[in-house]
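Shown next are two forms of a single protein chain, provided one at a time as structure tokens under the names structure 1 and structure 2.
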Structure 1
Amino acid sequence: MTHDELERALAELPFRLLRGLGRAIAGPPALRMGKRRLIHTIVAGAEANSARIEATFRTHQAEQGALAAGPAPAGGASSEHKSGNPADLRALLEGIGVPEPRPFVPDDWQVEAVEALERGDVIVSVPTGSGKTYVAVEATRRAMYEDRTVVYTSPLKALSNTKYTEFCKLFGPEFVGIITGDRRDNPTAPILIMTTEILRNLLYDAAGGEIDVRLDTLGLVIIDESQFLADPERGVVWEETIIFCPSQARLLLLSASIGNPHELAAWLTCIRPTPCHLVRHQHRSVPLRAAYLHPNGKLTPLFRTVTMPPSPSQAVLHPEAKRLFTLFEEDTVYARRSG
């Protein structure tokens, strides 16, 4: 194999294999190299590392064979694997747009979560876009019907402002208030939107004998993005908020990325007066698609298939995406050298 043929063959390898081969030949400095420089480094050391290079090509061939023989991802992508033809941009964008209007029917898990709040606390751990907000809104309606105060917390002031606007439209501005570090509107409203730190501080004050914002009538606390419990810096705020939450209030924890929801539910059951019910599923209502947008405006699918690969090991980049990656790398490397 000539140097030119080897360069073309190396250019077809996934970058992770190319980088691993480069590191085996040139050591740790290869981790900072771009694709073109890696290829040149490998070609320069090809004579002394022919066995490593051949082994890498065999690994790539084995991965391609396993991918072609393996089960096809959901979403009609099986023909792409069988024929080897990559998805085109039209297939990637197909179906994107405003869906036809139809009556809303809650999913079974949404009904389950709302009904479970009548018996105790609830953790909802479902993918993004599944409909967690419906559970929060319906639970809020029921708490208001019983003349109970509702607190909705989020980790960010921006998200709190967004939820405040949303809840004002749903329930009316006279029934919704917001308390953040730089905003305090309608603090005696039956529905209060705030950051988790603000609620923690209010609960501290209540523990010290100072009652504020109708905490004595608190009936529901909704903790959005509850995976922040695991945050090394801010997680203690979520933990203390849960511990100090009044016993008469129901807790509703919402998240799309809790890694150990069963353990969290067991902990809540231990420290709270009522059992905690876990509602969990992994079905994504809105399938994910990945694309790459080059600075020149060119848009292409990121992977050979329209749907996301089932696992990182099965991810195969789209040929056009690989070409655009190389083009971008060449442009940026040239710009750095010119500068």
Structure 2
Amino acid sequence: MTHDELERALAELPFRLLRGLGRAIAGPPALRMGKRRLIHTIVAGAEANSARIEATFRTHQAEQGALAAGPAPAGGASSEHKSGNPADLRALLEGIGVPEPRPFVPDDWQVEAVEALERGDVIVSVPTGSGKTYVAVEATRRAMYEDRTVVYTSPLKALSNTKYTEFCKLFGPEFVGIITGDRRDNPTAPILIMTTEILRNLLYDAAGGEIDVRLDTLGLVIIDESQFLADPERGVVWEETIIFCPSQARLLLLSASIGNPHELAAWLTCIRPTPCHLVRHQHRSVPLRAAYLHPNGKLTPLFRTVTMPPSPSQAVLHPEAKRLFTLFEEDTVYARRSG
């Protein structure tokens, strides 16, 4: 059999058998693979496992034969999971809705970050949607009191625009300016919103001797979404901005959760005049739950636990989600991706 023929033949197999085969070839990881990936894995390991593959095809034929000959093999299998466990779904959806309004109290980490900025640079690495903007705004407010210029950079024009609107509302439009690749609005304002490339260019000019008053009084540089440092094309601009950032200005790096915030902080401490303080946590302010929605509209928890498993190795699929996903894989017509 050629690889293509084998692939097609495998696609005919029920998912259950495919998975058994996948497991024999690739071990437990196969249990989580989708049909396409299973087939690729099996084809890749076909040489060494031809006997097993043939045996599976024989089993399939035998089953088909049995099916044609008489009633389906009896077993509780189908009645057992007629309808998952409704209690689990109820638990999953419990508490959904709008929380009681509460007065705004900054989180400890937010206060910590703002205060640490008094002493030196700060990196904030917390989950998305935690409230990094609060830190940026509060730090901006403090710099304003001290008559210092603030630069806020983000990777995307769209984000810059959103922040521009937000800051205008907070501080008044006369205090906020925006500079993009082709336009400058109120470019002498004490709070300047720009893309990271623009700030890098300003820093180039300053280093080259073109004195820019704004950089003289620069007190704070906020770099939002600083995980962009790892962007293959533009990441270098983030590095340059940080390297050339004037020493009298404080750096505030805001980033989503990343794997190595310590390393970034250690780097900043190495090259900057003040030590860098790292604020990080992995706690989501609004808890997250995961569910599985079957194409027929049936909703079930994705994991056995209502809360998110803390690591992939502890992630156990809810039996109903597992059953439904397997069902889906079996039902999906396997169309080979062309090209």
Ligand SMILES: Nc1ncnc2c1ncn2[C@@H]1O[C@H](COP(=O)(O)OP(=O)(O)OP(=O)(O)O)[C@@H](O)[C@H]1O
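Superpose the two forms; the largest set of C-alphas matching within 1.5 Å is the rigid core. Residue numbering: structure 1 sequence, from 1. For clarity, every value in this text was computed on a predicted model and none was experimentally measured.
Of the two forms shown, the form predicted together with this ligand is structure 2.
Taking the rigid core as fixed, one finds a CA shift for Ala265 smaller than 2 Å between structure 1 and structure 2. In the core-superposed comparison between structure 1 and structure 2, the C-alpha atom of Ala139 has shifted by less than 2 angstroms. Once you line up the core between structure 1 and structure 2, the Cα of Glu94 ends up 2 Å or more from where it was. When the rigid core is fitted, His294 shows a C-alpha shift of 9.7 Å between structure 1 and structure 2.
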